[in-house]
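The chain below stands alone and is given as structure tokens, in the form predicted alone.
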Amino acid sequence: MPLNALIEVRAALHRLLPPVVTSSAGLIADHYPPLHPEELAATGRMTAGRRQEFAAGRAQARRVLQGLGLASPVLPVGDDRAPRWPDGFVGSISHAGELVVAVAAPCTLLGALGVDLEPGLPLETDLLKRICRPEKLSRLAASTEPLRQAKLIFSAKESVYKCVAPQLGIFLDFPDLEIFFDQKEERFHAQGHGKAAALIGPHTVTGRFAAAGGYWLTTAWASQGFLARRSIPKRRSTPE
């Protein structure tokens, strides 16, 4: 049932995120207020289903920003296709299946923030080598559910991408990151490779994850000091 899944995802968001982050989750199919004209401008070529996802994401994002004190926040689409969060705030939006989630925090308290929601289904086999680094593939081979674990790796990388890209102006390919999980503590850390090696590591980006309501939910955040690090060339976009 979608409502049961929504309840579990909301509870997981509160459990995984630090207290300075405000979160919201809802059903994509709900009725939401009209988009602001600046937001509506990005929907011209969207299908009806994609427009509903977009509207749901913007509505949940407004909800978290209003919870942080903004009266009428607007989130247009940037040149990189990612949401443009209001000055003074970091945030992230994700939708999957029937659910949408949004998170935000003041820049005075966090330097970067990302969230990703994925159906808890196995990753498509043909994507495995694209998503996972060779050393991870050998470890997955020993897993009882390698493709479902690979979907969690995909989600963790997405949440890290959403966290770091808007703040540092960098875009990463999947092989640029390696994810290490602590299953007992519902934590993960990311290690950058190549040009990302000096930017992303256990002491720069914090990650949490959970299985909730038939979904994988991953979150990633970084402190203010993260913004002082240099950027690397753009490679891939990070839409919501």
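Just so it is clear, the model here is predicted, and its values are computed rather than measured. Each residue number is its position in the shown sequence, starting from 1.
The protein also exists as the form predicted together with a small molecule; that form is not presented, and the subsequent description refers to it.
J.: Counting only non-hydrogen atoms, choose the one of 182-190, 33-41, 50-58, 203-211 that falls within 4.5 Å of the small molecule in the model of the complex.
T.: That would be 50-58.
J.: Although the small molecule is absent from this view, report whether E145 comes within 4.5 Å of it in the model of the complex, heavy atoms only.
T.: E145: no, not in contact with the small molecule in the model of the complex.
J.: How about E98 - does it come within 4.5 Å of the small molecule in the model of the complex, if we only consider non-hydrogen atoms?
T.: E98 lies outside the contact set for the small molecule.
J.: Quick one: does P83 come within 4.5 Å of the small molecule in the model of the complex, counting heavy atoms only?
T.: P83 belongs to the contact set for the small molecule.
J.: Even though the small molecule is not shown here, does I93 get within 4.5 Å of it in the model of the complex, heavy atoms only?
T.: Yes, I93 lies within 4.5 Å of the small molecule in the model of the complex.
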